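Only one chain is included here, represented as structure tokens and corresponding to the form predicted on its own.
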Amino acid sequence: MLIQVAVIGLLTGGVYAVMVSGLTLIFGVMKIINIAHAAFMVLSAYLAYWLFSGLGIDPILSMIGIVPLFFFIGKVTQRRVLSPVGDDPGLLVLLTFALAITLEGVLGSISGSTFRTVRTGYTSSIIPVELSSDLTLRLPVVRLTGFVASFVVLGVLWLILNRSGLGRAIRATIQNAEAAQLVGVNIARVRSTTFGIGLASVAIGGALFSLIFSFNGSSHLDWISKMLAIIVLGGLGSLPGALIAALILGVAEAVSAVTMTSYISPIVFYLILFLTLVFRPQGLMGAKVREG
């Protein structure tokens, strides 16, 4: 049973990785924590739910329309809302918090406080994998789909960052924004595009989220704390670190729910976050930065 639970936690961790990939990328370029990231994820989940309940469009297929929409929303939000504030990290964090509260209010006024989830024909489907005569794993189709999608999304992000001109500009901006600007990188365009990519990735996470978890307008308050724990453990701005941390925390959460109680398992995120900040504040894949 413990092996089964650990595998489920690993699959869930893959979904977590999709959720946080955009958040850590945005931090790497803009050096701010987007507090509204989880609220945009919930918005994507609602859109997937409405398209499924109203038009019968599967949440996986709905990504075809939701992802470009969120990329556009991200670019506009960065250019028209965040950019005019300047580079003050404190003001930007407060502004993204205001965006989160606004989205929560809008979604709450439209859908109320009732929890929603998407139930498709394959929601309860299981794929049995026989490893031996005494061990047969049962893999939920939804979580397995999310796990595969996580590697696809992270693979695409890796290709963008390492095999494109935009990726070189993003990496240069992450390393030193002023130096990148001096050699001709359009910092404003890089920031808006990165914010758009960040919201596009969380749109994918939101569609998968709607298939696995229940949600309402205020669900983002619980999930942003989990997202922050993952990117801090992985190392702020590190995509590989975010993937590793998401898998670790997914397994830790699932195993603790069985070995202890489901009430204690959410605390595992914050306990690991506390230990990370005490013993390795730069995270698993982060690097210490000397300033003088």
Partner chain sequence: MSRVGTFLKQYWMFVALGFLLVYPLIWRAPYYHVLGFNTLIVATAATGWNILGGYTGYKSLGHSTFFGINAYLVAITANELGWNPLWSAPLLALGVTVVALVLGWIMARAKGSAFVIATIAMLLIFRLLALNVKSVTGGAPGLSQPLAPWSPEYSRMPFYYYMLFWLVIALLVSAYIRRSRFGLGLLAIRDDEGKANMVGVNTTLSKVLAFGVSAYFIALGGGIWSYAQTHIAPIFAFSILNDVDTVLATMLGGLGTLWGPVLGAFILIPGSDYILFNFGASQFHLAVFGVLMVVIILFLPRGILPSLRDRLAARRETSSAFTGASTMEDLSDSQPRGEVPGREAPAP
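Residue numbers count along the first chain shown, from 1. Note that the rigid core is defined as the largest set of C-alphas that superpose within 1.5 Å between two forms. Keep in mind the model is a prediction, meaning the values are calculated, not measured.
Same protein, other form: the form predicted together with the partner chain, not shown, and the subject of what follows.
Interface residue remark: Leu233 is not counted as part of the site for the partner chain in the model of the complex, having no heavy atom within 4.5 Å.
For the chain shown alone, Asp88 is a contact residue for the partner chain in the model of the complex, at least one non-hydrogen atom being within 4.5 angstroms.
Contact between Leu99 and the partner chain in the model of the complex is found at the 4.5 Å heavy atom cutoff. The partner chain is not drawn, but in the model of the complex it has a heavy atom within 4.5 Å of Val106. Residues of just one listed stretch (68 to 76, 199 to 207, 146 to 154, 109 to 117) have heavy atoms within 4.5 Å of the partner chain in the model of the complex: 109 to 117. For the candidate set Leu228, Val29, Leu43, Met63, a heavy atom within 4.5 Å of the partner chain in the model of the complex is found for exactly one residue, namely Leu228. Interface residue among Leu239, Leu249, Ile33, Leu47, judged by heavy atoms within 4.5 Å of the partner chain in the model of the complex: Ile33. With a cut-off of 2 Å and the rigid core superposed, Thr12 has a Cα displacement that falls short of the cut-off between this form and the one not shown. Here's the thing about Val278 and Thr96: their CA atoms end up at least 3 Å closer in the model of the complex than they are in this form.
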